[in-house]
Ligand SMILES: Cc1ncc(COP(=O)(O)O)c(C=O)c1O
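Given as structure tokens, the chain that follows is alone and in the form predicted on its own.
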Amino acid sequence: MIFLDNAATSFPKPESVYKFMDAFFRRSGVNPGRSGYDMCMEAGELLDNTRKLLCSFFNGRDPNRLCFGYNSTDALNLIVFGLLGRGDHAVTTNLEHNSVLRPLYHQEKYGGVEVDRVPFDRSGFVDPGDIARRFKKNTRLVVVNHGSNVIGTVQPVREIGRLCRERGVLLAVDASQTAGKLPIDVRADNIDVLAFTGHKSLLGPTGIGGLYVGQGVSIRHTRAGGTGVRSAEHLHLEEYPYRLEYGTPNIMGVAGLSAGVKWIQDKGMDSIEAQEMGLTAELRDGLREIEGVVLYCQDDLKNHLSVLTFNILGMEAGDTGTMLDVDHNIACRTGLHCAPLVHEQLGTDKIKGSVRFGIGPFNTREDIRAAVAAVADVAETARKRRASSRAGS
């Protein structure tokens, strides 16, 4: 199979990830930080070292403020419900994934929070000034998708963060698509809280992710439970990372995440990005030449991820995806991609979304050529259907 669904989850993982997860879990797959025997201590050491590794990876100051969770959705729920309360105002964008949209909808309906949503321009970018113009006296939080999982555009978070700092507004960034693909510097980029997931471009397994909380940001508790330390306390602990970590951590996921980040560092993020964007340009250029293919926000690949979204005239996205899978053995993603406002603004919601190709570090030029040929074949089938339909009418 040619796997072009890397925006959903990267596959395959580096061989070093598989090997380290297997070896670590066989040797020390126990509950970290709960006891003093050797295996427990080794598990705790892995947890602490991965915390430090990721803190450095994002240029954070304090590794204890790197908190593990299940994924970006988990982290964003902690952020949205832990920072916003009745009477607050938040600003977000039409580019967001449901991991941002739905918590904010819940806060609007049940939490007394007011939310503004900023559209993107024809090229797929949000103007930082449009966000700043939505600020009110009670604006508490801006939540921005760093890189769109639908159209692949990378937003100017540093400028957005600068404007937020000027007004004393917190900036939370959803780095689901960009962590591991692009350098992220939480200090230089003026990011107060960063949400990340491990199973995409950080090349770890599913079920692991988290958030980095900047200095001076206090996210209130919305959960409580075991921490493995100070068990006599009635209330959940206030200090980070325990403040936002609950129960037994996914130590197997942490192991894979650690190995994924180390593979990226060894390979070089710039090298990975250059390879992926070279393939993206080749794919974009090939699809452009196919009659009946409609591309969205792909005119310029500057400030862009290796994600391409398209449709074929006369074909529903789901049917295109099925033909690519069954007839050509190509895995892709179709539909609304859990980001309905993007499709509403593009108008693709009316045709059940679009087809998405996501390129990863293990894709090749042969994969891209095969994908272009496959789309050309499906587009030819669609043209014949349209011609037959016109003739019949």
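So that there is no doubt, residue numbering starts at 1 and follows the sequence shown. Worth saying up front: this structure is predicted, and the values here are computed from it rather than measured.
If you look for the form predicted together with the ligand, you will not find it shown, but the lines that follow are about it.
Enquirer: Only one of these stretches, 24 to 32, 363 to 371, 66 to 74, 347 to 355, has heavy atoms within 4.5 Å of the ligand in the predicted complex; which one is it?
Expert: The contacting stretch here is 66 to 74.
Enquirer: Does residue 200 make contact with the ligand in the predicted complex, using a 4.5 Å heavy atom cut-off?
Expert: Output for residue 200 is yes: heavy atoms within 4.5 Å of the ligand.
Enquirer: Classify residue 147 as contacting or not contacting the ligand in the predicted complex by the rule of any non-hydrogen atom within 4.5 angstroms, answering yes or no.
Expert: Result yes; residue 147 sits at the interface with the ligand in the predicted complex.
Enquirer: Is there a non-hydrogen atom of residue 250 within 4.5 angstroms of a non-hydrogen atom of the ligand in the predicted complex?
Expert: It does not: once the ligand is placed as it appears in the predicted complex, residue 250 has no heavy atom within 4.5 Å of it.
Enquirer: So in the predicted complex, is the ligand close enough to residue 92 to count as touching (4.5 Å, heavy atoms)?
Expert: Result no; residue 92 lies far from the ligand in the predicted complex.
Enquirer: Which listed residue (107, 139, 311, 99) meets the criterion of a heavy atom within 4.5 Å of the ligand in the predicted complex?
Expert: Contact with the ligand in the predicted complex is made by 99 alone.
Enquirer: Please pick, from 177, 155, 258, 306, the one residue with any non-hydrogen atom lying within 4.5 angstroms of the ligand in the predicted complex.
Expert: In short, 177.
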